[in-house]
Ligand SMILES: Cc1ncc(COP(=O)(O)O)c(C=O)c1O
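Take a look at this single chain, the form predicted on its own, given in structure tokens.
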Amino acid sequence: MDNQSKLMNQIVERSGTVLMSTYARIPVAFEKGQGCRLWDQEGRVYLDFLAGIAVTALGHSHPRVVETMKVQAEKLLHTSNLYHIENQIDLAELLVNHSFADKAFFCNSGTEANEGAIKLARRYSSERYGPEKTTILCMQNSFHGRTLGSLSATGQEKFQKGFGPLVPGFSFVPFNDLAAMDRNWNDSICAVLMEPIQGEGGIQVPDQAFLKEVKKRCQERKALLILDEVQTGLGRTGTLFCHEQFETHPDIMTLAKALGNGLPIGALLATDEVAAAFQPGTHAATFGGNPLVTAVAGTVLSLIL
């Protein structure tokens, strides 16, 4: 066994000793990246088709991203959302000016963004229509995250096994099936939550008219349309947001992954009317939208645009 193989074995052994076994890790450890290439600790070069699970949309070590990170790190990393953060405002303006939305909220991940969307939809509906309108209609084979609320909205039992009781107030219908949606609709439904294209569910693309018909039903039945664009958003499908290709738009949208190109950031976007349901004290994130991550995300989004 050469020294390089011994090094990898040592890394694997150390990992198993101190890290929880939540990942079936491949025995590779990368030490640097450039563009679409990665180098492991044994000097081998890889083409990175995974992109950090749809994260590094601009590639590794993009010079503009690196420069933004250096400049901001020397100025200020973190304050809190008790104060105004100009980088956060700049990023929100970019997102609002290039989307359906009027307001943004920043957090740290896609699952947090979806938790925020669930809370916002329920609070809006409770205030507008009463406390009985709380059910969120979700899609079978969907995936919305690993925190308990997002997990409860995920339509795959394999992710939920052993974590019950799940959060109540979610029901499920087959993806791309308007008839099933109509059969299962009731007056308690406050929102429909779905991915425009299912990712973890097997790259399921709906009929061209499906999203538009879902939005029509939401408008007619006093419910909100929440689109999870954590994976499909930010140019991955050819338009800035996937729903643009279906000629409709949501009331609430969630983003993450590619927005930070590797730094942890999530975003919750909504119209003015819906966003008004959040007031001081109703929702928060300690690290959400701090000066460093929003500076980087602003550069990332500008480059994508």
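Residue numbers run from 1 along the displayed sequence. No experiment lies behind these values; they were computed from the predicted model shown.
Below, we turn to the form predicted in complex with the ligand, even though it does not appear here.
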So in the model of the complex, is the ligand close enough to Leu211 to count as touching (4.5 Å, heavy atoms)? no
Counting only non-hydrogen atoms and a 4.5 angstroms cut-off, does Glu195 reach the ligand in the model of the complex? yes
Find out whether any non-hydrogen atom of Ser109 is located within 4.5 angstroms of the ligand in the model of the complex, and reply yes or no. yes
Hey, in the model of the complex, does Phe105 get a heavy atom within 4.5 angstroms of the ligand? no
Single option in Leu91, Val230, Met139, Ala121 placed near the ligand in the model of the complex, where near means a heavy atom within 4.5 Å: Val230
At 4.5 Å between heavy atoms, only one of the stretches 127-135, 70-78, 110-118, 155-163 reaches the ligand in the model of the complex; which one is it? 110-118
Could you run down 141-168 and flag each residue that has a heavy atom within 4.5 Å of the ligand in the model of the complex? Phe143, His144, Gly145
